[in-house]
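In structure tokens, one chain follows: the form predicted alone.
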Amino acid sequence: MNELDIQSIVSKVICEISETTKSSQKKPACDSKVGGSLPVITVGKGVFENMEDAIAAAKEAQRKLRMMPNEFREQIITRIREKIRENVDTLAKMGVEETGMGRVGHKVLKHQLVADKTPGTACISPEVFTGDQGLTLIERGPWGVVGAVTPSTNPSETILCNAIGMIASGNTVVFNPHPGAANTSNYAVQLVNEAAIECGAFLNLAVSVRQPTLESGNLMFKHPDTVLLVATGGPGIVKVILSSGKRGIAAGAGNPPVFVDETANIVKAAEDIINGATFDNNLPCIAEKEVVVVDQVADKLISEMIHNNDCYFLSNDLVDQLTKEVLIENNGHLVVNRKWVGKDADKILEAINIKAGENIRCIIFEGSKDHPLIVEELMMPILGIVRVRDVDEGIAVSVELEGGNRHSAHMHSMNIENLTKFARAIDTAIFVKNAPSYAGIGFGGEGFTTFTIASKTGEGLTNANTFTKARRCVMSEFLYIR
């Protein structure tokens, strides 16, 4: 594990929304204004000055927690959910103010989703085998102290979602948050510990450091008392996790395509795609990052996006200007200019001298499959559109653009055969059909939510059960009743 690898985790972590209602398919509220006095977090209630002290405290707390019944853990989790709801506005505003990314209204929805749909102890179920030889019980047990890296894109959401699952499974967790979101992340850590104390428990179920650094992250990964590592972030994560010598769960990058075939409901597809792609200004790792569309319906899709979904269409010369603005050269390669990550579409347009108005939600353009704004995962409300001849070409192009991340992909079609062909070819942890991308994590779709989608290490959408290990208990000859 070298310093460059850890920097990749600490500084580039990424990765994503509310209650399932009929209105979730509509354009979400997106007030971006931040005002009022927001908390500044110092040490205490789980926040430490150095990583050694944080890990030692988490180890002692885990020794106590593992002896507590599931019912007690669930009481703590219930109170965490309540604390999230009580602080949802503050958490959302802190995230936007500290990072400069996303939209307050959308971050409110994401925190509500964490509170409502993150699984607790209910998803940890034992298995039982009985027969002539007796009874065998397989239970799920905690690992101990989990070391976790969290992103600036979903700072408090990831902290709170992970904390619920890890506490439910009997672990305590040491966070090394993204330095650019340390204050927001540490506020979430303190809420977890406040919830525990208010339930008659003890501090340090979740801990962190006041000023996370490269060094504190390196120490957390190498420390003998962190036995399970969980990282939510960019492409360097898998290498670091798998080279650590420890059990690792890695949520890597994604560049999710959305494919539209000629059978799709184009009016709904346009609305769903733009709602998904503009949610929190495209910060979620599951969000639609590029559109692949069959030529037969491409013009209608683009028209719907422009006239009914507040999109601004760029001509080729303006696309060149946009490319120079949002991508910068680094060691001979074009990389994302982080200045524009998670920013409003109208602000990005102003940078290339276009005043389109605050109502513009997304910037769209047509390009080839190898255009840098289509190949790169931008995490901005910018959507490149690639025309294809037919379904087979569309599937091939979508698979190529997804880049083998096996993270997320989406499709709009009324043809079951086409949907099935694409799902098999793309082979992603999440595949959303005929809905916005955020349906894949429970917002407007069935199922639980998570903000750690471990596509690379194979766990997929993580929950409390993910953070456990199997233990087999065998009673030979007895406890089998015919």
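Counting begins at 1, following the sequence as shown. As the structure is a prediction and not an experimental result, all values here were calculated from the model.
Heads up, the form predicted together with a small molecule isn't pictured, but that's what we're talking about next.
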Where does the small molecule sit in the predicted complex: which of 249 to 257, 163 to 171, 299 to 307, 366 to 374, heavy atoms within 4.5 Å? 249 to 257
Among Asn281, Thr184, Thr232, Ser208, which has at least one heavy atom within 4.5 Å of the small molecule in the predicted complex? Thr232
Though the small molecule is not shown, can you say which of Gly236, Pro119, Gly144, Gly342 has a heavy atom within 4.5 Å of it in the predicted complex? Gly236
Please determine whether Pro177 contacts the small molecule in the predicted complex, using a 4.5 Å cut-off between heavy atoms. yes
Spell out, yes or no, whether the shortest heavy atom distance between His407 and the small molecule in the predicted complex is within 4.5 Å. yes
Does the 4.5 Å heavy atom contact test between Ile274 and the small molecule in the predicted complex come out positive? no
Might Ser156 be said to contact the small molecule in the predicted complex, defining contact as any heavy atom within 4.5 Å? no
